[in-house]
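Have a look below at one chain only, the form predicted on its own, in structure tokens format.
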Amino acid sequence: MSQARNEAITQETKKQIAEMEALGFYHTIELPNGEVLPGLLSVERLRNRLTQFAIPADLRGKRVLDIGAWDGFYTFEMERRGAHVVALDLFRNEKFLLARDLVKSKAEYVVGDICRLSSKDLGRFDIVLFFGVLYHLKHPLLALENVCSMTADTAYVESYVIDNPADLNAIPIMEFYERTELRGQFDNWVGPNVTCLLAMARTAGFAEVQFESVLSSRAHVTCRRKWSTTPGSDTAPEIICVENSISRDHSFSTTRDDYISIYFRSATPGIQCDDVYAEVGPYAVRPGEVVGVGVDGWLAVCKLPPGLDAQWHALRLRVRKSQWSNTVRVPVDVAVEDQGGTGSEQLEVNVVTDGKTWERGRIKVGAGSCLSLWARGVPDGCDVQEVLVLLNGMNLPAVYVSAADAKGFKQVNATLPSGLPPGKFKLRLECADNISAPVEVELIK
């Protein structure tokens, strides 16, 4: 490259730097030629924030979202580590765009409000950075839910907090600032304490929430969507029934704030929220409530994980050091319909009755609703956890399978979600990769 060309580039760079300095910077930006564009926050301070988290040094092949990118220091740092980065901010920041040109970044820039965006808008990311944004929002929990929906693996959250040092035994509280009470800024709306920040992250849908540190009234929290522990060898729990916690049926939607009630059996005593490891599709989910319901019976209530695709998802759980339970499929943003087909001749459903009144072909729905059927072709030695009753495609785990009678029929009992609507349904039995032909049953009030 000619000397004249070099001088021209240098002059253009100096002109851009002058323009940026005139605008004023919050982040200090390091340029490829070794020069530094000074900002209010030094490089050392910005890097120190990153050291509070275990963010990998090699992010090649990873997709990263930087929410509230501002001048772009973290965007450019994640890109330097090899990631494809999307920078999100509430308004078009010309300083970011100029800095992106100077550092020769290829980061994608999106203008939008995190309170109004989700995975349906931007997709999902291996890593999400959510630094210095939460306390600027009127709807912090909604924002955290949207952050969760866009996080495929881990989100790193940094926020102003009102306790420094942190008191991890404190009651979760959050201050609200109507005007400029926090540092004279009108857009500083909330100030949680650390336990409130952790509780909001769990409530938003993150399965594991780990407190890292507080520095200068800024808390650092790592939020994971997958379990970091592995199954043990203890006896697996048995899922009995799954239903929507509010509608009490088998309908789940990401457009609502849906919760899942999981009824299961486990001989493990004293089960609490931190003892239950549930998964729906690709995401782990921590219960918000666990209560005992009878002998060895338990109910875990979990938030439907944000960001699920519209399809049937496998649901399972384990308890403390147990193996995984049986798997039940739940529909998310899809209609519950009959699977169709003629079925296998190896499985035959003969009679279906109400599990309490024994009325044939008619099953009363409501609290404690259950059904009994008699089927031929269920293999001897087949574990009850391998048997499913399909009601218009809904997975109803068998809770009892009898021995065969003289004609080879076995009784299979299953529990129904209590809020199912009345009407006619197609019932099938699934076992050992075989599905029976459909039998019509009627649900009544």
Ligand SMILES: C[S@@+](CC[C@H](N)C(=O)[O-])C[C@H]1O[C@@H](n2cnc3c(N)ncnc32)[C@H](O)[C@@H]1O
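Predicted model, so just to flag it, every value in this text is computed and none were measured. When you see a residue number, it is the position in the sequence shown, counting from 1.
If you look for the form predicted in complex with the ligand, you will not find it shown, but the lines that follow are about it.
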- Exactly one of Trp298, Phe125, Phe96, Tyr74 comes within 4.5 Å of the ligand in the model of the complex through a heavy atom, and that residue is Tyr74
- Task: Check each of Ala166, Val103, Leu90, Leu347 and return the one that places a heavy atom within 4.5 angstroms of the ligand in the model of the complex.
- Result: Leu90
- Message: Among the candidate stretches 110 to 118, 319 to 327, 366 to 374, 272 to 280, which one is within 4.5 Å of the ligand in the model of the complex when only heavy atoms are counted?
- Response: 110 to 118
- Task: With heavy atoms only and a cut-off of 4.5 Å, decide whether Ile67 touches the ligand in the model of the complex.
- Result: yes
- State yes or no: in the model of the complex, is some non-hydrogen atom of Pro331 no more than 4.5 angstroms from a non-hydrogen atom of the ligand? no
- Taking 4.5 angstroms as the cut-off for heavy atoms, does Arg49 touch the ligand in the model of the complex? yes
- Query: Might Leu137 be said to contact the ligand in the model of the complex, defining contact as any heavy atom within 4.5 Å?
  - Reply: yes
- Note on the structure: Those residues of 241 to 256 with a non-hydrogen atom no more than 4.5 Å from the ligand in the model of the complex are none
